[in-house]
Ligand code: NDP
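Okay, so here's just one chain, in C-alpha coordinates, the form predicted alone.
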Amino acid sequence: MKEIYTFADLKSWRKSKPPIRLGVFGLPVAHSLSPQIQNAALKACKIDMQYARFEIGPNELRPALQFAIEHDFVGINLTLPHKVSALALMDDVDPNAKPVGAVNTIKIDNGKLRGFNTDGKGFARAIREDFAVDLRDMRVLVLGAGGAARAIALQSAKEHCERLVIANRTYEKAKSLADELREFFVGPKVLGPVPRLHAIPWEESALRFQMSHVDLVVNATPIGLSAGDASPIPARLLEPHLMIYDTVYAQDRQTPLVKAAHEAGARAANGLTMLLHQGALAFETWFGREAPIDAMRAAIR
(Lines give C-alpha, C1' and ligand atoms only; values in the text may rest on other atoms or scores of the structure.)
Protein backbone atom coordinates (compact mmCIF):
# COMPACT_ATOMS: atom_id res chain seq x y z
CA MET A 1 0.00 0.00 0.00
CA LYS A 2 1.31 3.46 -0.93
CA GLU A 3 1.67 6.27 1.61
CA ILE A 4 -0.52 8.52 -0.52
CA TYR A 5 -2.72 7.78 -3.53
CA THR A 6 -3.53 10.50 -6.06
CA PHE A 7 -6.50 10.94 -8.36
CA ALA A 8 -4.33 9.58 -11.18
CA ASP A 9 -3.91 6.35 -9.20
CA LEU A 10 -7.67 5.87 -9.18
CA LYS A 11 -7.72 5.69 -12.97
CA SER A 12 -5.38 2.68 -12.94
CA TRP A 13 -6.53 1.15 -9.68
CA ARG A 14 -5.13 -2.21 -8.66
CA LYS A 15 -6.73 -4.19 -5.88
CA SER A 16 -4.62 -4.99 -2.85
CA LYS A 17 -4.80 -7.59 -0.12
CA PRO A 18 -6.44 -6.82 2.22
CA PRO A 19 -8.54 -4.55 -0.04
CA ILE A 20 -8.53 -0.79 0.52
CA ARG A 21 -12.15 0.04 1.28
CA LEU A 22 -11.75 3.06 3.54
CA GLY A 23 -9.79 6.28 3.21
CA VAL A 24 -9.36 9.99 3.83
CA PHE A 25 -9.77 12.50 0.97
CA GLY A 26 -8.00 15.85 1.33
CA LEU A 27 -5.41 18.33 0.08
CA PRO A 28 -2.96 18.28 1.79
CA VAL A 29 -3.33 14.83 3.30
CA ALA A 30 0.23 13.69 4.06
CA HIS A 31 -0.04 14.82 7.69
CA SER A 32 -3.17 12.77 8.40
CA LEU A 33 -2.85 10.14 11.13
CA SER A 34 -6.23 8.61 10.31
CA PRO A 35 -4.66 5.57 8.58
CA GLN A 36 -2.73 4.64 11.73
CA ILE A 37 -5.85 4.98 13.86
CA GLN A 38 -8.28 3.20 11.56
CA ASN A 39 -5.94 0.39 10.50
CA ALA A 40 -5.27 -0.34 14.18
CA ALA A 41 -9.03 -0.53 14.74
CA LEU A 42 -9.54 -2.81 11.72
CA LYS A 43 -6.78 -5.12 12.96
CA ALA A 44 -8.15 -5.19 16.52
CA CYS A 45 -11.61 -6.12 15.22
CA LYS A 46 -10.22 -8.60 12.65
CA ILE A 47 -11.89 -6.79 9.75
CA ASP A 48 -10.19 -7.75 6.49
CA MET A 49 -9.66 -4.36 4.81
CA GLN A 50 -7.33 -1.34 4.82
CA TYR A 51 -7.62 2.44 5.15
CA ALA A 52 -5.48 4.79 3.00
CA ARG A 53 -4.74 8.47 2.27
CA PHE A 54 -5.99 9.98 -1.00
CA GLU A 55 -4.75 13.36 -2.23
CA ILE A 56 -7.85 14.73 -3.93
CA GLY A 57 -8.24 18.26 -5.25
CA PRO A 58 -11.49 20.28 -5.17
CA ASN A 59 -12.36 19.49 -8.80
CA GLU A 60 -11.66 15.79 -8.27
CA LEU A 61 -13.98 15.17 -5.33
CA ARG A 62 -17.12 14.19 -7.26
CA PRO A 63 -15.40 11.58 -9.52
CA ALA A 64 -13.33 10.32 -6.57
CA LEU A 65 -16.51 9.63 -4.59
CA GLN A 66 -17.97 7.88 -7.61
CA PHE A 67 -14.83 5.74 -7.75
CA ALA A 68 -15.34 4.83 -4.06
CA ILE A 69 -18.90 3.71 -4.81
CA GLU A 70 -17.85 1.62 -7.82
CA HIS A 71 -15.04 -0.08 -5.90
CA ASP A 72 -17.18 -1.10 -2.91
CA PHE A 73 -15.70 1.29 -0.36
CA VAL A 74 -17.36 1.21 3.05
CA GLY A 75 -16.68 4.83 3.89
CA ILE A 76 -14.59 7.97 3.51
CA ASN A 77 -13.30 10.66 5.85
CA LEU A 78 -13.02 14.20 4.50
CA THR A 79 -10.58 16.89 5.52
CA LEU A 80 -9.74 20.29 4.04
CA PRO A 81 -10.85 21.53 1.55
CA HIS A 82 -13.79 19.16 1.08
CA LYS A 83 -15.95 19.29 4.20
CA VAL A 84 -18.33 22.03 3.04
CA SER A 85 -18.42 21.31 -0.69
CA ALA A 86 -19.18 17.61 -0.09
CA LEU A 87 -22.52 18.44 1.48
CA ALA A 88 -24.10 19.06 -1.94
CA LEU A 89 -22.84 15.69 -3.21
CA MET A 90 -24.56 13.57 -0.57
CA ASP A 91 -27.65 11.48 -1.24
CA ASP A 92 -28.59 11.74 2.43
CA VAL A 93 -27.29 13.95 5.27
CA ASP A 94 -27.53 13.12 8.96
CA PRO A 95 -29.71 15.66 10.84
CA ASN A 96 -26.77 16.51 13.12
CA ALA A 97 -24.62 17.45 10.12
CA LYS A 98 -27.13 19.73 8.39
CA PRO A 99 -26.89 22.70 10.79
CA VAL A 100 -23.09 22.46 10.73
CA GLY A 101 -23.11 22.78 6.95
CA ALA A 102 -20.22 20.38 6.56
CA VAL A 103 -19.53 16.65 6.25
CA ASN A 104 -16.39 14.89 7.50
CA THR A 105 -17.54 11.25 7.42
CA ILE A 106 -19.30 9.43 4.59
CA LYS A 107 -20.90 6.00 4.80
CA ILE A 108 -21.45 4.28 1.46
CA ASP A 109 -24.67 2.32 1.73
CA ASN A 110 -26.07 0.43 -1.28
CA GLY A 111 -24.40 2.85 -3.67
CA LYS A 112 -25.65 5.91 -1.78
CA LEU A 113 -23.49 8.54 -0.07
CA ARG A 114 -24.65 9.27 3.48
CA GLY A 115 -22.99 12.29 5.12
CA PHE A 116 -22.18 12.72 8.82
CA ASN A 117 -20.21 15.18 10.94
CA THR A 118 -18.27 13.90 13.95
CA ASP A 119 -16.42 17.16 14.70
CA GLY A 120 -18.71 18.37 17.49
CA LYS A 121 -19.01 15.13 19.46
CA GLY A 122 -15.34 14.34 18.89
CA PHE A 123 -14.42 17.76 20.28
CA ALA A 124 -16.61 17.33 23.38
CA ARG A 125 -15.05 13.94 24.14
CA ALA A 126 -11.56 15.38 23.62
CA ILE A 127 -12.15 18.25 26.06
CA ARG A 128 -13.41 15.75 28.63
CA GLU A 129 -10.33 13.56 28.18
CA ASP A 130 -7.71 16.32 28.08
CA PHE A 131 -9.05 18.69 30.73
CA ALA A 132 -11.53 16.56 32.75
CA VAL A 133 -14.29 19.14 32.23
CA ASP A 134 -17.62 19.24 30.41
CA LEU A 135 -18.63 21.95 27.97
CA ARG A 136 -21.76 22.59 30.02
CA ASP A 137 -19.83 24.60 32.60
CA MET A 138 -17.39 26.33 30.24
CA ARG A 139 -17.10 29.86 28.92
CA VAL A 140 -15.81 29.13 25.41
CA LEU A 141 -13.99 31.28 22.85
CA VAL A 142 -13.88 29.76 19.36
CA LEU A 143 -11.43 31.09 16.78
CA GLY A 144 -12.87 30.71 13.28
CA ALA A 145 -16.26 30.40 11.62
CA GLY A 146 -15.63 27.66 9.05
CA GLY A 147 -16.73 24.00 9.07
CA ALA A 148 -14.86 22.84 12.20
CA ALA A 149 -15.63 26.05 14.07
CA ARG A 150 -19.34 25.75 13.27
CA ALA A 151 -19.42 22.18 14.59
CA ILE A 152 -17.56 23.11 17.78
CA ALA A 153 -19.68 26.20 18.42
CA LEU A 154 -22.89 24.24 17.81
CA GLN A 155 -21.79 21.42 20.14
CA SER A 156 -20.89 23.94 22.85
CA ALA A 157 -24.32 25.55 22.47
CA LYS A 158 -26.14 22.21 22.49
CA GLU A 159 -24.37 21.22 25.71
CA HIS A 160 -25.47 24.52 27.30
CA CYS A 161 -22.05 26.08 27.75
CA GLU A 162 -22.04 28.99 30.15
CA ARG A 163 -20.87 31.46 27.52
CA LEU A 164 -19.83 31.36 23.83
CA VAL A 165 -17.67 33.89 21.99
CA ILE A 166 -16.89 33.54 18.28
CA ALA A 167 -13.96 35.43 16.74
CA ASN A 168 -13.27 35.55 13.04
CA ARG A 169 -11.15 37.68 10.72
CA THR A 170 -14.32 38.41 8.74
CA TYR A 171 -16.52 39.73 11.54
CA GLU A 172 -19.72 39.29 9.51
CA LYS A 173 -19.16 35.50 9.41
CA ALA A 174 -18.70 35.38 13.20
CA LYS A 175 -21.89 37.40 13.69
CA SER A 176 -23.83 35.22 11.26
CA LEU A 177 -22.81 32.07 13.14
CA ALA A 178 -23.69 33.63 16.49
CA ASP A 179 -27.11 34.62 15.16
CA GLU A 180 -27.76 31.02 14.09
CA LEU A 181 -27.03 29.83 17.63
CA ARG A 182 -29.01 32.49 19.49
CA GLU A 183 -31.92 30.16 20.28
CA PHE A 184 -29.65 28.13 22.58
CA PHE A 185 -28.89 31.17 24.75
CA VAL A 186 -32.39 32.46 25.42
CA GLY A 187 -33.03 32.15 29.14
CA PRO A 188 -32.65 33.61 32.61
CA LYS A 189 -28.86 33.25 32.98
CA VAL A 190 -27.10 36.56 33.50
CA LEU A 191 -23.32 37.01 33.53
CA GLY A 192 -23.04 40.67 34.45
CA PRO A 193 -21.37 42.98 31.94
CA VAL A 194 -20.68 40.39 29.22
CA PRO A 195 -23.30 38.70 27.00
CA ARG A 196 -23.63 34.91 26.98
CA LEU A 197 -23.35 34.84 23.18
CA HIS A 198 -21.00 37.25 21.48
CA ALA A 199 -19.33 37.67 18.08
CA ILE A 200 -16.12 39.72 17.99
CA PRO A 201 -13.59 40.79 15.37
CA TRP A 202 -10.28 38.92 15.43
CA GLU A 203 -8.32 41.88 16.74
CA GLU A 204 -5.88 42.13 19.64
CA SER A 205 -7.91 44.59 21.70
CA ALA A 206 -11.11 42.54 21.38
CA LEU A 207 -9.32 39.30 22.21
CA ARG A 208 -7.50 40.83 25.20
CA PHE A 209 -10.79 41.89 26.79
CA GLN A 210 -12.28 38.42 26.40
CA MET A 211 -9.45 36.52 28.11
CA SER A 212 -10.71 37.35 31.60
CA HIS A 213 -14.23 36.27 30.67
CA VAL A 214 -13.60 32.82 29.15
CA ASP A 215 -12.22 29.50 30.39
CA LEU A 216 -11.57 27.59 27.17
CA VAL A 217 -9.99 28.94 23.97
CA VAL A 218 -10.31 26.79 20.84
CA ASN A 219 -8.40 27.27 17.60
CA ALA A 220 -10.75 25.86 14.96
CA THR A 221 -8.75 27.19 11.99
CA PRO A 222 -5.86 25.63 10.01
CA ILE A 223 -3.41 28.18 11.49
CA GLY A 224 -0.51 26.16 12.87
CA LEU A 225 -0.70 23.39 10.29
CA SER A 226 2.40 24.78 8.57
CA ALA A 227 5.61 24.82 10.61
CA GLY A 228 6.19 28.51 9.79
CA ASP A 229 2.83 29.73 11.12
CA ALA A 230 2.65 32.15 14.02
CA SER A 231 0.29 31.51 16.93
CA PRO A 232 -3.28 32.66 16.19
CA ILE A 233 -3.18 34.33 19.62
CA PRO A 234 0.15 35.68 20.94
CA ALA A 235 1.36 34.47 24.34
CA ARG A 236 1.07 38.00 25.79
CA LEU A 237 -2.73 37.80 25.54
CA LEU A 238 -3.14 34.39 27.19
CA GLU A 239 -3.67 33.96 30.93
CA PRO A 240 -2.69 31.09 33.28
CA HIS A 241 -6.30 30.20 34.18
CA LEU A 242 -7.13 29.31 30.57
CA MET A 243 -7.46 25.93 28.92
CA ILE A 244 -6.23 26.06 25.32
CA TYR A 245 -7.34 23.52 22.73
CA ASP A 246 -5.78 23.57 19.26
CA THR A 247 -7.64 21.43 16.73
CA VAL A 248 -4.42 21.40 14.68
CA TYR A 249 -2.16 18.51 15.62
CA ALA A 250 1.47 17.59 15.03
CA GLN A 251 3.31 14.58 16.43
CA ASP A 252 6.81 15.96 15.90
CA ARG A 253 6.37 19.46 17.32
CA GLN A 254 4.24 21.74 19.45
CA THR A 255 1.80 23.83 17.48
CA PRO A 256 2.42 27.59 17.78
CA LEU A 257 -0.69 28.05 19.94
CA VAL A 258 0.20 25.22 22.33
CA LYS A 259 3.69 26.69 22.66
CA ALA A 260 2.25 30.15 23.37
CA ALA A 261 -0.11 28.65 25.97
CA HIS A 262 2.75 26.97 27.80
CA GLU A 263 4.73 30.22 27.76
CA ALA A 264 1.74 31.90 29.43
CA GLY A 265 1.45 29.16 32.07
CA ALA A 266 -1.87 27.87 30.70
CA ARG A 267 -2.96 24.27 30.19
CA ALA A 268 -2.99 23.20 26.55
CA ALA A 269 -3.66 20.24 24.26
CA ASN A 270 -3.51 19.72 20.51
CA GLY A 271 -6.02 18.06 18.21
CA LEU A 272 -4.82 14.45 18.55
CA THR A 273 -7.55 13.53 21.04
CA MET A 274 -10.21 15.11 18.84
CA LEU A 275 -8.86 13.13 15.88
CA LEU A 276 -8.98 9.98 18.00
CA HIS A 277 -12.60 10.45 19.06
CA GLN A 278 -13.68 11.57 15.58
CA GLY A 279 -12.09 8.37 14.28
CA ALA A 280 -13.91 6.25 16.83
CA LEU A 281 -17.24 7.85 15.91
CA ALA A 282 -16.53 7.29 12.20
CA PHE A 283 -15.69 3.63 12.83
CA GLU A 284 -18.97 3.19 14.72
CA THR A 285 -20.85 4.88 11.85
CA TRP A 286 -19.32 2.56 9.26
CA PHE A 287 -19.57 -0.73 11.13
CA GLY A 288 -22.38 -0.29 13.65
CA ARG A 289 -20.24 -1.54 16.52
CA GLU A 290 -18.22 -0.04 19.35
CA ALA A 291 -14.80 1.22 18.28
CA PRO A 292 -11.70 -0.35 19.91
CA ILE A 293 -10.68 2.99 21.41
CA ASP A 294 -7.67 1.65 23.36
CA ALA A 295 -6.11 0.15 20.23
CA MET A 296 -6.76 3.38 18.33
CA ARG A 297 -5.23 5.49 21.10
CA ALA A 298 -2.14 3.28 21.25
CA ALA A 299 -1.65 3.73 17.49
CA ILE A 300 -1.03 7.47 17.81
CA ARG A 301 0.98 7.32 21.02
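The shown structure was predicted, so the numbers you read here are calculated from the model rather than taken from an experiment. So that there is no doubt, residue numbering starts at 1 and follows the sequence shown.
Not pictured, yet referred to below: the form predicted in complex with the ligand.
Taking a 4.5 Å heavy atom cutoff to the ligand in the model of the complex, the contact residue among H71, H160, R208, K173 is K173. In terms of contact with the ligand in the model of the complex, the residue from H213, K98, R128, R169 that brings a heavy atom within 4.5 Å is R169. Although the ligand is omitted here, in the model of the complex none of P35, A52 and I106 has a heavy atom within 4.5 Å of it. Although the partner is absent here, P222 lies within 4.5 Å of the ligand in the model of the complex, judged by heavy atoms. In the model of the complex, at least one heavy atom of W202 sits within 4.5 Å of the ligand. The ligand is not shown here, and in the model of the complex it never comes within 4.5 Å of any heavy atom of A266.
For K83, a non-hydrogen atom is located within 4.5 Å of the ligand in the model of the complex, even though that partner is not displayed.
Stretch-level contact analysis of 193-201, 90-98, 107-115, 148-156 against the ligand in the model of the complex, using heavy atoms and a 4.5 Å limit, identifies 148-156. Of the residues in 106-128, only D119 comes within 4.5 Å of the ligand in the model of the complex through at least one heavy atom.
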